[in-house]
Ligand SMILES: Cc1cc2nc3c(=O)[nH]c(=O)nc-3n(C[C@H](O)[C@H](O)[C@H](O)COP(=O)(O)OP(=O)(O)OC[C@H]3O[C@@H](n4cnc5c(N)ncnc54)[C@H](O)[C@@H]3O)c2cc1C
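Starting off, we have a lone chain in the form predicted on its own, written out as structure tokens.
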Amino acid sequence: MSIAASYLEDASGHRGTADRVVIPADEAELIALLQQATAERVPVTVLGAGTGVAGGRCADGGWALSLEKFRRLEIHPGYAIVGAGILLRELQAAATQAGQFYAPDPTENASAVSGNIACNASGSRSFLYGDTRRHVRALRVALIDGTVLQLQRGQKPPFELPAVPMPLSKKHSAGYWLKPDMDYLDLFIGSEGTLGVILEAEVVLLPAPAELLTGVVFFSSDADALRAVTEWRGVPNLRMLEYVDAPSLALVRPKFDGIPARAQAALLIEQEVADLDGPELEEWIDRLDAVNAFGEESWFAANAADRERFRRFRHALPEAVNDIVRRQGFTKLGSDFAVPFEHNAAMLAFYRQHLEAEFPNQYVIFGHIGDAHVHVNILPSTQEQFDRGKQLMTEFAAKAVTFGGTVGAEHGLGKRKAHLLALQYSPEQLEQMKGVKRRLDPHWLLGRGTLFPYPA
């Protein structure tokens, strides 16, 4: 793959095309490029780090814009200033050295922080800390005409914005954030590079917790695991509550010793505690007994090495799925739907009913069950299965909406999933969003094909 081609693909395998890859050295060069693009009506697609799975960074002609040289990173007490080219793992490492941490933790820490902001990413710790939006204090954004905005939390838009109804799910990243009395910077968070180019962000840092109590808890049935989720959601300072189903365990069992043979589900937990020798561990023993979890066979971390092993366990699933998809020659079929928690079990049952009927032994379900946001991954081996899998994902999205949920919780919709937006919003509401797009990008040059089709 040539250097230019490497900028045109994301982690899902989706490919785009571009006439040119532009990599400005600084803000002045970027502004000149945007002004030229406006004058010549050249579409511009902003590239993240390529870890996305919705095709948003894959250009549909025009210029592919990389901000990899925007490398400012400053750590301060309680906040960090982060350039668009800084990767999440770089921010995490720098914050750790200062005794702090950045709460949002998307699974792929090779992502760009600016890309996380563009799709309002979240991750496992969103169970306690919420999504990226909650941790952004300021943004520096360039509009397509080269105008640069310095936006602070609390600053209101300079023009009237419509309001559209939001889903009832805890997480949401599908379409524009349009709420009454909203902050101006919230319009750009989650807009997937279609309204402006994020140059720099000021994000919140929190004091590092004294200790972390981390575990992988195994169950003999889904029913027991779901009961545990309901009962454990109120555990103080629990920041991770993740689900792994039986097909997922089968997929990673060859890579990890100690997964019980009779385990049919697992929950990954992480709790901030003052002392690992405190009462919390004893409380977990009681909790495991109350929901028929495996006591002796579950894993609890005794040190940093154990926690790293659990992290690798969590990351091994999406890696294994991506490997299967690549080997079988199809684009990844993965869901990003979330529902209100009261519909958590019903949504999971709906997934399982249809997948067992149509894709037995060819799917896995895992993810953020504490937020009623699990990821379904279908693993087709034929074109016919792939086509049916795509159709089934749309049916799943529609079902999530009937439960008051969202068609996109943390990945954005990009180009691959833009069609789902019409399931979430009415034609009138979509037209309101497009009106905002026309206000800030009248020639529809930014992120062409992402979220909305280019108007004829």
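We number the residues from 1 along the sequence you see. Keep in mind the model is a prediction, meaning the values are calculated, not measured.
If you look for the form predicted in complex with this ligand, you will not find it shown, but the lines that follow are about it.
Site annotation in the predicted bound form: the residue of Ala174, Val244, Ala84, Val339 reaching within 4.5 Å of this ligand with a heavy atom is Ala84. Of the residues given (Arg134, Arg72, Arg89, His315), His315 alone sits with a heavy atom within 4.5 Å of this ligand in the predicted bound form.
Contact check for Pro106: a heavy atom falls within 4.5 Å of this ligand in the predicted bound form. Looking at Leu34, you'd find every heavy atom of it more than 4.5 angstroms from this ligand in the predicted bound form. Contact between Gly123 and this ligand in the predicted bound form is found at the 4.5 Å heavy atom cutoff. Taking the partner from elsewhere, Ser248 is found to have every heavy atom lying beyond 4.5 Å of this ligand in the predicted bound form. Note on the interface: of 385-393, 50-58, 34-42, 398-406, the segment with non-hydrogen atoms within 4.5 angstroms of this ligand in the predicted bound form is 50-58.
Contacts between 391-421 and this ligand, taken as any heavy atom within 4.5 Å in the predicted bound form, involve Glu410, His411.
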